[in-house]
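Quick heads-up: it's one chain on its own, the form predicted on its own, in structure tokens.
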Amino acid sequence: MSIKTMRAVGVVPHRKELKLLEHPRPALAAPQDVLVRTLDVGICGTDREICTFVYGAPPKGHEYLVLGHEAIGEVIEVGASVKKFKAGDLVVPSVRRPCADPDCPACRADRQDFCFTWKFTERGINQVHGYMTEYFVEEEKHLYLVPPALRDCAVLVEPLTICEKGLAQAWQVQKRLPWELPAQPGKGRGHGRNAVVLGAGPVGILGAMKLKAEGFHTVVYSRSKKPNAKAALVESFGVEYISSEEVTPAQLAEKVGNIDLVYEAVGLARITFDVLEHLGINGVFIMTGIPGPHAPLPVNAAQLMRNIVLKNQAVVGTVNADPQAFRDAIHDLGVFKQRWPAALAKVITARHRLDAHRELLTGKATGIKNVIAFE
């Protein structure tokens, strides 16, 4: 590589290729820009799906798309108008960028996570290069400061933001109720409520940590039977693990009691709708998964409608995240590290060299969260 280029991992969609690229090394181009040296990039299901070429669009004028949207980096240089960061700071970037439509109220308010036009772009996913490269430049407002103590786990911020935003929406929905359970000192806002997490991947495990920290009686409901590593990890921070191979959704509801909240982090329609049928009175069901194309599934539609109406239930979809979700995720990772340091460390299965990108992106998925380390 020359001093003008750097290593990057990307896809060439029209050739259906995944390759190690020579990508132009970036430089500051505007006063609000920040130059960042990449430290870690997480591998997620979205990256792996892009490598099957079902979606993923390069920037205009480019034949390739640099991957990666879960990252932590070190600030190297800042533009003249940058106030929040200085060289040496650790930062995590967000993913989605606003559309250009002047009539989109969400994007004009920096809430592109609720973009009305669907013309947003996303780093490493849709029309903007991602972070799976040695350096990147980002606008100051799309970066979030990370305390040095979280250097080893801050690559988990972006997946945790999914739960942060979803739970924030659930609390907003539940303002409809004529009362709030009084918060008890040290017990969290969810104390006295029951939550079920569907799935034991990184999004599910981090969601379970968040719900546990909020005081919910939390259960992770996932397919694999115990003993397994994910079940052991979940139970190490005080959350019960139940296998859907051994316990039906009806039995789950009987065991848990009134299910106040379900956080879906599995992306499978069958189990999602089976559990939705057992959501409790006044319950909220948060959907985060995006299933791939499959044949239509039979569901008990009449019973689902009866429950949603008669039990005052709400179903909320959530995608991407807002600035507050990033700030909350950084704060909560600090809480998790203080309360469950060993468990949090195990969410990251391994850090790999860039040369391992092909196996990580196209081979059999293993572990929980795998990370490419650029240091």
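Just so you know, these numbers come straight off a predicted model, no measurement behind them. Residue numbers here begin at 1 and follow the sequence given.
Omitted from view is the form predicted together with a small molecule, to which the following refers.
Sole residue of 217, 278, 230, 96 within 4.5 Å of the small molecule in the model of the complex, by heavy atom
If I apply the 4.5 Å criterion carefully, the residue I get is 96.
The unique member of 315, 57, 319, 28 whose heavy atoms fall within 4.5 Å of the small molecule in the model of the complex
Of the candidates 315, 57, 319, 28, 319 is the one lying within 4.5 Å of the small molecule in the model of the complex.
Counting any heavy atom within 4.5 Å as contact, can you tell me which stretch out of 305-313, 331-339, 60-68, 43-51 lines the small molecule in the model of the complex?
So the stretch in question is 43-51.
On the criterion of a non-hydrogen atom at 4.5 angstroms or closer, are 122, 158 and 162 all touching the small molecule in the model of the complex?
Yes.
The small molecule contact at residue 290 in the model of the complex, heavy atom, 4.5 Å
Residue 290 belongs to the contact set for the small molecule.
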